[in-house]
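Below you'll find only one chain, the form predicted alone, shown as structure tokens.
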Amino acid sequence: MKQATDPAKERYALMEKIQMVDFALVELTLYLDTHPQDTQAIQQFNQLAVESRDLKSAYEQRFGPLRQYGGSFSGYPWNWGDSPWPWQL
């Protein structure tokens, strides 16, 4: 029998993955600003960008919008007021 997962733990775990990937993207961006010819770093950046997009889409499907100003769609009714908000995790 499969145990039910705790939605709050699932939310925090997924947010932590998103934060780790996005941190790596920030660091790679800074690195690539000074090493624009590093094809391996560019490849890693692109892979992480896809992973970040996929993780954020998975988060939004499960827990609601994550990005504002057109980066995320809202369900009906408008669900930006639902909490916790991403920065509250």
Partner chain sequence: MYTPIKCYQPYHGPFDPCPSRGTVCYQTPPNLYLGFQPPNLQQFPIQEALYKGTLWPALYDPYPTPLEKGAKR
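Positions refer to the first chain, counted from 1. In this text the structure is predicted, and so the values were computed from the model without any measurement.
This protein has a second form, the form predicted in complex with its partner chain, left out of what is shown; the following refers to that one.
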Does the 4.5 Å heavy atom contact test between H35 and its partner chain in the predicted complex come out positive? yes
4.5 angstroms heavy atom contact with its partner chain in the predicted complex for D54: no
Partner contact for V21 in the predicted complex: its partner chain, 4.5 angstroms, heavy atom: yes
Any non-hydrogen atom of Q40 within 4.5 angstroms of its partner chain in the predicted complex: yes
